[in-house]
Structures are given as C-alpha cells and as structure tokens.
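First, one chain by itself: the form predicted on its own, in structure tokens.
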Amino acid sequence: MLLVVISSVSPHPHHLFEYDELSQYVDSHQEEYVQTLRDWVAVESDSSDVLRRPDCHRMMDMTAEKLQAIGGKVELVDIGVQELPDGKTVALPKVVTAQFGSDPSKQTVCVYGHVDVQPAKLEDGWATEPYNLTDINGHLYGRGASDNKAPVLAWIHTVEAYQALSIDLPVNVKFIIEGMEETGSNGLDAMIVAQKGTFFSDVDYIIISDCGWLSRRPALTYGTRGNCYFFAEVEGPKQDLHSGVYGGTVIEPMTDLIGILGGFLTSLSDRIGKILIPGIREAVAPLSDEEWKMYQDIEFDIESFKSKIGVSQLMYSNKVDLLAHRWRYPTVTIHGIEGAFSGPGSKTVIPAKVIAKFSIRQVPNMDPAVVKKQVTDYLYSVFAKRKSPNKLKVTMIIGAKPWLADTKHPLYEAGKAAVKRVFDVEPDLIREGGTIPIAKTFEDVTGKSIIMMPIGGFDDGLHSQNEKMSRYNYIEGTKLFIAYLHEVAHLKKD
C-alpha cells in the first residue's frame, strides 16, 4: 500500500527536489569555481579599449566553450562592427547564446549577463593586480569579478550541478551573454529584435544578475533608473584668448556656461537638490504609502553608507528619503567641462569653446524624448535671457528609459522562496540607482517578465578600485540560482 502512495507522487518530478545533494555538490566544487573565475578575470576584456578587442573576442570564445563543455546548444552570433571616431571599423564581440533543454511542458528561463569589464590599472589605486584574482580573507579581488563574471559563472555552474548529478533541469534554460555592456551594449538591441521570433519565442521569463545587494541581507531588484546624458556647448571667439589682453572686453563662453548650469538645482538651504527644469518634477510617479512602507523595512545603515563613501553629511538624514532619492527620484549631475583648462599649474586663458557634460537619471513616469525637449527648451530660454553673442548648442547623446517590475509578480514570489531556502531570511526588495538599459529593451521587444536577482555584495566596488566578489556570495549565490530554477518550475505559464 505504501508503495502505491509513493508511486502516485513520484511521476511528478517537482515533488522531488534534491536541494541538499545539489548544495553539497556546489560546496565540494568551490575551489574549481574559484579557479575558473581566476581564468576569466585574467582576460582583460575591457570593451572601452579598442586595443583590448582581441581579449574581448577571446572572452566570448571562452564563454562559448564553457557552455559547450556542459552540453549546451551554443551559437556565437555575429552582431556586426563598431565605427571608431577616425572612421575605421572594428568587429564587435560576438554574442553567445546557449540552450539547455527544449521540453515544451516546462517553463523556459533566459539568463542575461556580460563578460566585458571596466578599465583597471594597478596605478589607479588597486591594492592587488586587477587582472590576477587574489583571495584575501575570503574576498576574491579582481576587475570584473562581481561585474559580471562571477554571476555569469554561477549560472553556468547551476546548470552544470544539475547535470553532474543526473538531475533533470526543472526548467529549460537559455543564456544570452554579451561583451559590450560596459560601453552601451552596441549591437545587442538589434540582435534582440532580430531574434524575437526565434531565440526568444519560447522564453517565459528573463533573469538578470548584473547588480548587487544593498546590505548584508540578500535582495531582489525590481527597478532601475534610466539616464539622459547631455552635452551643452557654448562657443564664442574663434580661438582661445589671453585673459590679460582680452579679459574685460569679450563675453566669455565659460561664464555663460556656468551661468546656465547654475540654474539646474535649488541651493542646499532650500529643499535639497530640487530640480528646477520645468516639467521634470511634475512627471515623477508619486510615492505610494505601500512603497514608503517597503523602504521603511529595508535593511540600510546611513552611518556605514557615509563612512563607505567618506562624507560627513548626506543630502537627507533619514533612510526612507535617502533611498527614495537614490532610486525613484530624478537627479541632475554635472560630470565635467571639456575645453576648460584642467591641467596642473596656472594658465591665463579664456577658452573659446566649452562643453558641459551632464546627465539626468530617469524614473517612472519620465520619458527621455520629453526630457530632451524640457532640458533643451530650458537651457535655450535661460541662455536667451543673458543676451550673449555666444552660440549655445544642446545635444542629448543617451536616452535610456527606467525599468520597473511588479513585486507581486510570481517571479518575485519564487525569488523570495529561493532566498528563504538558501539564506533562511526574507530578501529586501530594492531598486538600483544606476541604469541597466537592456532590461527595458527585453521588456519592450519580447514582452516577457523580468526579474533582477543579484548575488554581488553591497561593498563589491563595481567600476571602482579593488572590485571583489566574496567567496560566500559566489558559492551561496550558485545555490540560490539552483533553488530559483526549482521555484520557477512551479509557476503557471504566463
């Protein structure tokens, strides 16, 4: 009789989840995982440096080989060439796609990641060689370790663990891995559009693990800010002038530029950092009571945040205000002025042409096309009031939209269950202040639901000196992905 009861349950594979067995497999292979990460970090796949392009190509080949070695159906997709400022062209790194399983009765998830990195040099202030993965007290230091090589490997090791133990993958898994993310994912949007009806046709959900936790508590990410990046150029005399000879006779472009930039934000004494460009604040989605409550419950320590960045005072002194202004309100940042004298020593020059570079982080319900018009109209009207003979030209060079998911979507419920299983805590639901434009592209083109599932630590130093991935996050993160695939298998198909 007992046998009958068991057999009535067993045909449904979801009831049998060998989590402990898979988890032990990951633990016993962690040295191998660290070594693979070391091999990957050793490749200087800096996508911003054309001279490093051969390394980027090699990194894509290594990624393809790794996926092939564990039985994936792998393709290297040619996405064309990149035009350089001098008119020459150079091949873009191919995009790697892979497929594991094609059972139509199962859910299909697609994992996105990238294996290119930000530039890094020892003399930038690194304590260790940036391309030589160095283990110090369980922290694995190296450029690209956290952003995004370890998370990509953790996903590959997830599939590998199921296969090594001959456990059926609970879902079909696809990968799309690129090599140009750090410079704007050139060529990827067009590829996603082209493959909408083929590679993406059977995908149910897309998972992105290109972000980090906010504290020591594991997190699920449900929103990112977009970004509109502008150049504002003021041009005056036909060449640079001597400030002693001409100062007091010409209307200087730099003075004009500083004058119009000064009108972006209110001063510190007013309600801090309020953007003065008409229409921007009015477009922002209002903060709901439920959202306020979510922010209230998040684990976040203001004092350690201050000491981490080395400041004595922040724009806001309470957690909810600070997180809200980091994630769900727009910001203006002036990044620099090209053409201004910035070398060491003194130079008495009136620059003939100066270009301010600034950006506005986008949030729901802002639209980059509208922001472009608001910013341009505002700057021209402020400039017109100066009655200057100089010429102003405003251009928007990036217009990336924000992305926001519904935290009540079953994908997030599955994420909470997986975090609970592996870490025995409830995850924080967080947003990113930065921009991951590909999320919005995936959503707009494929119409699929997306979750961001980070495994990186809050102190990983992405894009900074001494970037690292903690061994704990790398290994436990792999277990999180294993548990997540099991949870997603239970969801009803969209």
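Because the structure is a prediction, the values reported are computed rather than measured. Basically, rigid core = biggest C-alpha set you can superpose within 1.5 Å across the two forms. Note that residue numbering begins at 1 and tracks the sequence as displayed.
Although not depicted, the form predicted together with a small molecule is the subject of the following passage.
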* Structure fact -> Given 181-189, 311-319, 365-373, 253-261, the stretch touching the small molecule in the predicted bound form at heavy atoms within 4.5 Å is 181-189
* Asked: Quick one: does E160 come within 4.5 Å of the small molecule in the predicted bound form, counting heavy atoms only?
  -> no
* Are any of the heavy atoms in T331 no more than 4.5 Å from a heavy atom of the small molecule in the predicted bound form? -> no
* Indicate whether the small molecule has at least one heavy atom within 4.5 Å of a heavy atom of L37 in the predicted bound form. => no
* Asked: Is R361 close to the small molecule in the predicted bound form, meaning a heavy atom pair under 4.5 Å apart or at it?
  -> yes
* Structure fact -> From A384, A164, I398, A127: within 4.5 Å of the small molecule in the predicted bound form by heavy atoms is I398
* Structure fact -> The one residue among N227, S388, Q99, T134 placing a heavy atom within 4.5 Å of the small molecule in the predicted bound form is N227
* Asked: C-alpha of Q118: shift of 2 angstroms or more between the shown form and the other one, rigid core aligned?
  -> no
* Asked: Relative to the superposed rigid core, does the CA atom of R216 travel 2 Å or more between the shown form and the other one?
  -> no
* Asked: 2 Å or more on the CA of T333 between the shown form and the other one, with the rigid core superposed, yes or no?
  -> yes
